[in-house]
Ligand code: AOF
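Just one chain is shown here, as structure tokens, and it is the form predicted alone.
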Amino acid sequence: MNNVINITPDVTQDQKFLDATLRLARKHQGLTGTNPSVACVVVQHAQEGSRIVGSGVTAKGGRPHAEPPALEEAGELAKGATAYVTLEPCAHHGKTPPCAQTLIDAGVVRVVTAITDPDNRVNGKGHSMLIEAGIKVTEMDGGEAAQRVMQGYLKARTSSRPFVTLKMAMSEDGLIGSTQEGNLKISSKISSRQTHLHRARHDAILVGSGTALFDDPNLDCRLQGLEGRSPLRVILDEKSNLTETATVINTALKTPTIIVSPSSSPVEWREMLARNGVQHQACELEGGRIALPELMGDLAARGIQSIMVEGGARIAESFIKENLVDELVIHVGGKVDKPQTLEHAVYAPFTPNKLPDGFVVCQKLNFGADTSIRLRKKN
């Protein structure tokens, strides 16, 4: 990697186009299977100014990659151009030729990337191919923006488990619900819409059977125009409690659903799941509860790279205890309903003012009367 250019006289301009490329990459986030959602923008730099002549993003399902459609759109204008790519171009032959070779054949003279691909089949090899072909390579620090777009892919490649976002809505004192009154109104409509947007950017949503039974949620994305981006639903049900009346089961043919339970679960119950189109994931138990680290490995083996955990207090506490949470998103309600009887109140294992150890606040946003706090796990 010593030959990679780290300093360029056009850093500000490079950053501008790379930021635009990262924004484009979010278009198919959560839709590209085991491949990351990568974007490529081809730019012609000239004395009279710079202009984008081609752009592409990894297609739904993961093929084709971003570079071929961007270069196809650019056509002859790719010759002498700079290609901005959010991830190091691949260097290995798979179902398609290496993207590094595609860039070489197109005649680009410079490639700017945000992140080196940690995949052992690439990891510097793509940059090396470009350099050996006489193409200048600038490897920039994509920062948090690049990490967020590819967080699932990067976690799966480096840790063999999905990237886990724990999302909770609560009051200032940590109230999240009631054991008697069904759903309490905690989040505003704006916060709820943001939750649906978060769902659309993840491969899967995970809750426990208690949430699925008591709240009977849809666990889908209901934003207009994004209904087709509802992620896979994963329900933890170690005691085989769910029945056909649960929404997550009777809508499984519409929204793919996995129920996680031990292999010793009743045969009749598993047959009921199969009739409704629900997939069954056998799991290990530890102390009568689902072994989460092992489950995360199993889900990663299925190609699931990012999970949004939306369970209750018990699920949240378990994921935090097992050190499996990479990102924490808290929506603090500005106007929260209170349970009629305080003994029925349910509280999170933390509050906005007493957060779990090992996290650092990286963003605060106001959604109407609510406050959204996003925290990342310290490295």
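One rule holds for the numbers: they count along the sequence shown, beginning at 1. Computed from a predicted structure; not experimentally measured.
Keep in mind that the form predicted together with the named molecule is not shown, yet the notes after this line are about it.
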{"query": "Answer option from N35, Q44, S55, S318, heavy atom within 4.5 Å of the named molecule in the model of the complex", "finding": "N35"}
{"query": "Among the candidates R51, R63, H344, K27, the residue which, in the model of the complex, approaches the named molecule to within 4.5 Å (heavy atoms)", "finding": "R63"}
{"query": "Full three-residue contact with the named molecule in the model of the complex, heavy atom 4.5 Å, for E67, D117 and R157", "finding": "yes"}
{"query": "Segment that reaches the named molecule in the model of the complex - one of 117-125, 279-287, 262-270, 227-235, heavy atoms within 4.5 Å", "finding": "117-125"}
{"query": "Contact of E88 with the named molecule in the model of the complex (heavy atom, 4.5 Å)", "finding": "yes"}
{"query": "Touches the named molecule in the model of the complex: C99 (any heavy atom, 4.5 Å)", "finding": "yes"}
{"query": "Residue contact check: K189 to the named molecule in the model of the complex, 4.5 Å heavy atom", "finding": "no"}
{"query": "Partner proximity in the model of the complex: H92 to the named molecule, non-hydrogen atom cutoff 4.5 Å", "finding": "yes"}
